[in-house]
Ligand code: TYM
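Below you will find one chain, with nothing else, as structure tokens; this is the form predicted on its own, and questions on how it binds or moves follow later.
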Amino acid sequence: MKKRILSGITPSGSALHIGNYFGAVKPQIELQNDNETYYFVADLHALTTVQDKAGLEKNITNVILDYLALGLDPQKCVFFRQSDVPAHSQMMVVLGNYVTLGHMQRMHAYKDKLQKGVTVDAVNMGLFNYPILMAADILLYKPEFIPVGEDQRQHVEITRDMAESFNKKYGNVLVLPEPMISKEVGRIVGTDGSRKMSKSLGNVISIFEDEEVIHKQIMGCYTDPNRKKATDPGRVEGNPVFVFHDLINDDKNEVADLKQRYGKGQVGDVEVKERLFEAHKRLFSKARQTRKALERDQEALRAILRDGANKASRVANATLEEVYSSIGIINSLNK
């Protein structure tokens, strides 16, 4: 039987790179194939850090284009913007009454701010209440599983706590979700060969940047520092270029051949990197074309989001009506 799964996508503004894709985006999208999936762009959550109209619109648009281009299929899932379903904000107001101040003060996002030297007076309420809105996002759809990284487990746990507190008073209205902890492909190493791939560190291989930029990123990859010339035997194990080949290159025979020749000193770094660039073009060519086409067709994007919001609203509003009826907001005066 299909499982109901809900997944939120934060419009952070960072351009996607292969570390994002293989570590999170690809497994996230693949869930749509065998499950009943709801994906939403968490634009209300983004307000905690992005308070610039143009910047927010750009971030939202980019994340929608990226996910659709990379294979998120509105025919297989429900894809919508959080802000297009008012029930999220309405449910948040209710759930705030089923969690304590002490519980909220123990949440990681809030504690991290304080540990970084931010004073209590400088923490905005959007950040402080973030876990309540996230709980509303989840509980409205009664999902069985929430795919999250280990660092987000606490958010699912506090969601379960709020649901349990509510259900103790009003019966089994809300479903307690289970965290689906992602088994990361690994902290994919960056092109510098030492740190996790990260835009802020400048050690990434992009997906949708101009090909000239991507070629430069690949050609700048760290390889084997002990290899002085192409005829020296090279180290394959742990070599970032071959890590990327294993992820990207669909021609496994070519990868095996390159590894064998590299280990014997029969192929140079430049050829190995050029082959990686060609493999990157093959893998992401369709996605890059799709993204450009969608970027030119704003009405198609709006239609996808409208349809998704309508489908999501039917489910979310039904849950909100149950909740309102249970607590007495819906009563003899407004039935």
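Start at 1 with the first residue shown and count on from there. It should be emphasised that the depicted structure is a prediction, and the values quoted were computed from it without experimental measurement. By rigid core we mean the largest C-alpha set that fits within 1.5 Å across both forms.
Another form, the form predicted in complex with the named molecule, is not on view; read the next lines as being about it.
Contact with the named molecule in the predicted complex, judged by any heavy atom within 4.5 Å, is made by just one of V148, V99, M92, A230: V148.
Contact with the named molecule in the predicted complex, defined as a heavy atom within 4.5 Å, holds for exactly one of I214, I132, M197, A163, namely M197. Though the partner is left out of this view, A42 does reach within 4.5 Å of the named molecule in the predicted complex, counting heavy atoms only. Within 4.5 Å of some heavy atom of the named molecule in the predicted complex lies at least one heavy atom of A24. A residue is said to contact a partner when one of its heavy atoms sits within 4.5 Å of a partner heavy atom; I207 fails this definition for the named molecule in the predicted complex, lying far away.
Taking the partner from elsewhere, S83 is found to have every heavy atom lying beyond 4.5 Å of the named molecule in the predicted complex. Contact with the named molecule in the predicted complex holds for all three of S7, H17 and N20, each having a heavy atom within 4.5 Å. Only one listed stretch (248-256, 113-121, 216-224, 197-205) carries heavy atoms within 4.5 Å of the named molecule in the predicted complex, and that stretch is 197-205. A movement of the C-alpha atom of L176 falling short of 2 angstroms is seen between this form and the one not shown when the two forms are aligned on their rigid core.
Annotation: Cα of F244 displaced by at least 2 Å between this form and the one not shown, core superposition. Superposition of the core reveals a Cα shift of 2 Å or more for I207 between this form and the one not shown.
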